[in-house]
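Presented as C-alpha cells, the chain that follows is alone, the form predicted alone.
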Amino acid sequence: MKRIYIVLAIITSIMLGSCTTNTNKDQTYQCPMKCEGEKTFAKQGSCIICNMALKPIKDNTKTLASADDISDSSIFNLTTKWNTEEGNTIELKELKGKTLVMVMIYTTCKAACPRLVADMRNIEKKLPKENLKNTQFVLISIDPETDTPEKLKAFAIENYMDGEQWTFLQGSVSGVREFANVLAVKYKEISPLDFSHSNIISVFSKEGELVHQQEGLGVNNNETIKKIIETFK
C-alpha cells in the first residue's frame, strides 16, 4: 500500500515535549504529515511517530492566498542551504515554479542508487517534451561529506544528467537528515561509503507540495508520469 506524506510546513516547530491542555474546546489538531492518517487530537503537542508539532486543522490548508504564497505543506518553507553541482548555494524555494522530481542517493553506491538513477532517467524519457522544460529532476546526496559539488558534477556528466533539467544537491549532515525525515526516507551508514536507504522518488508540485511517491526499484512508473503531467493542469 502506497503512503503519501504531507510535507511539514515549518520544521523549526518540531517539539519533543508532552501535550499541553487545549483552551479552545472546538479546536482540533493533526500531524502535518498525517502519520496516523486522519486521526485528530484535542490537545496541542507532538506526533508520537515523527515528533513534529501537531497543527490546528483550520490552518493545515493547501489553499494559496496569492500566486506568491506557499501553503503550510510546502517544502519551500524550509530554509536549509544547499550546494549545487555547479558550486552555487541555494534554498529549495529557488526551485519554485517547476514540478520537482526528487530522489535521495549517494554517488559511491553500487547497488540501489544506479537503479534509482536509471528510474529517474526513464521518467524523464517518458515525459512529453512540452513538459520537460517545466520539470526539474533533483538528486540529493545522503553522504554530503563525500559527495562534494565537484563529485556531484562528475557523477552528473558520467551519467548523462548534466542538462539544465538536472540538479544535484549537497547539504549539511543535519540538513540532509531533516529533509529525509520530511520525505519519510530512512537511511543508515553501514560502513564508510556504504549506506542502507529507502528507495523513494517523490513528485512535488510547482508550489512545493508533495503529490506522489514512487517506492521500489524498477517499478512501473505510469502513475508517476500521470501525476507529473497533472501538475501542469
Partner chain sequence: MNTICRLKVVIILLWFVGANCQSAMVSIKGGTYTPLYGVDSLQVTITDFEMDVYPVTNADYLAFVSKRTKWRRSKVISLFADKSYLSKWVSDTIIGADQSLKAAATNVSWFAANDYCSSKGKRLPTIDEWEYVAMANETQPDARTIESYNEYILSWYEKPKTFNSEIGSTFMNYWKVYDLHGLVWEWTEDFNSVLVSGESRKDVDTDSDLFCGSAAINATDLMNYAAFMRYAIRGSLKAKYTMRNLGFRCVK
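Numbering follows the first chain given and starts at 1. Predicted model only: the values in this text are computed from it and were never measured.
What follows is about the form predicted together with its partner chain, which we do not show.
With the partner removed from view, the residue among 132, 90, 156, 112 that has a non-hydrogen atom within 4.5 Å of its partner chain in the model of the complex turns out to be 112. In summary, among the residues 74, 107, 83, 99, the only one with a non-hydrogen atom within 4.5 Å of its partner chain in the model of the complex is 74. Of the candidate stretches 47-55, 195-203, 160-168, 28-36, only 195-203 contains residues with a heavy atom within 4.5 Å of its partner chain in the model of the complex. With a 4.5 Å cutoff on heavy atoms, residue 187 counts as touching its partner chain in the model of the complex. When its partner chain is considered in the model of the complex, residue 223 lies well away from it, no heavy atom lying within 4.5 Å. Shown alone here, residue 78 lies within 4.5 Å of its partner chain in the model of the complex, counting heavy atoms only.
Interface residue remark: residue 211 is not counted as part of the site for its partner chain in the model of the complex, having no heavy atom within 4.5 Å.
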